[in-house]
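This document opens with one chain alone, in structure tokens, the form predicted on its own.
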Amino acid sequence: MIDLNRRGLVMAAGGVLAAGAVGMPAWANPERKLGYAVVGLGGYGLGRIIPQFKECQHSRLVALVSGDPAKAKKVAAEHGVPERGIYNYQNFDSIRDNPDIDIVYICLPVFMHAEYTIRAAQAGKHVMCEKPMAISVAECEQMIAACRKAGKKLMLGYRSRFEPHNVEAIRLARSGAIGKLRYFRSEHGFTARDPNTWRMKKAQSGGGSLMDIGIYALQAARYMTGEEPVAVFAKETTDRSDPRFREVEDMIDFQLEFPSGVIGSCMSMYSANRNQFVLMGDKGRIELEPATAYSGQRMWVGGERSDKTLVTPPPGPYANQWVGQLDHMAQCVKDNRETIVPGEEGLRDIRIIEAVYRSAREQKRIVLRG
């Protein structure tokens, strides 16, 4: 029998530090919302991140970084950002002189993540960086080192870790509700249209569907099992005559082997729409579809037979998954504790992704080290 007595979401939210010391830094004031600078006013930064601040309890938008001054001025006026909080990529480093900025959120193409993370840390700011973390393991390590040297936090924008259905699925899996975990399957993809977007340029994206949408399948395999894979095997299927795929892969199928014996079977694609995962245990299963979309998640939990129950998780402490990650970072800065998705988490994903690409290229099983 599946235990559907849900305890409520367990998220790393925590309380804020109590005020006490005279002359404390501004961020230590429990009444003050921490200030974010959003770098990049593209579709995600402008359309998804910036609108969330009005729902935040611990975060506020105080600065914008854009190469388009007219656009930046318009967005600033719409969201109450003062003119002194408008920056471009040339004067970016002067954010060090703005005490209102506590955290920099990098919403740029992947090839720019390392540069602006490092520059933000050197300017004395904490960093939230969109996924994937960077185009290589080497760049990820440089980003972590820069933040560590500056004594600043680095968090990855893995929004699904704050989405109630995913959080409840993790709780059920870890609680033994479906028994001993045996198998995980996930397919993530969408139909890419524009062959000229930066996502189709390998130097800017680091890769194709795996780097873009496949990272959700990889992340889910790791957080649903609670394990790190020890080996991978992959196969790529790409029509190179298609103008979209001259430089990057379309479909890549990869298998993950976990220490407990769980097998993860994942696929990413740029030529079909799919967003799903299922975790099988010896007493039942957990299914999400869509699993990691912007909205509309649905979850079923089933027993040993074909029966399954639609489960509605408790709403959680945040208005939505984006607010969750913004406020979680702010609370971790105030409490001086680690986030649930630090830079090391992004580095692990890129290490595995590099091994997946190598496996597909060499057509052999790759053992993961450490």
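Numbers for residues come from their place in the sequence shown, where the first is 1. These numbers come from a predicted model, not from an experiment.
Below, we turn to the form predicted in complex with another copy of the chain, even though it does not appear here.
With respect to another copy of the chain in the predicted complex, the three residues Arg119, Gly151 and Glu163 uniformly fall beyond 4.5 angstroms at the level of their nearest heavy atom.
From the list 285 to 293, 207 to 215, 120 to 128, 152 to 160, the contact stretch for another copy of the chain in the predicted complex under a 4.5 Å heavy atom rule is 285 to 293. This chain is drawn without another copy of the chain; in the predicted complex, the residue among Met251, Ile178, Ile86, Leu108 with a heavy atom within 4.5 Å of it is Met251. Just one of Thr225, Gln255, Asn98, Gln297 comes within 4.5 Å of another copy of the chain in the predicted complex, counting any heavy atom, and that one is Gln255. Among residues of the shown chain, Val167 is not one whose heavy atoms approach another copy of the chain to within 4.5 Å in the predicted complex. In the predicted complex, Asn196 stays away from another copy of the chain, with no heavy atom inside 4.5 Å.
Not displayed here, another copy of the chain is approached by Arg274 to within 4.5 Å at the level of heavy atoms in the predicted complex. Contact check for Gln142: every heavy atom lies farther than 4.5 Å from another copy of the chain in the predicted complex. Residues of 159 to 188 lying near another copy of the chain in the predicted complex, listed in sequence order, are Arg182, Tyr183, Arg185, Glu187, the criterion being any heavy atom within 4.5 Å.
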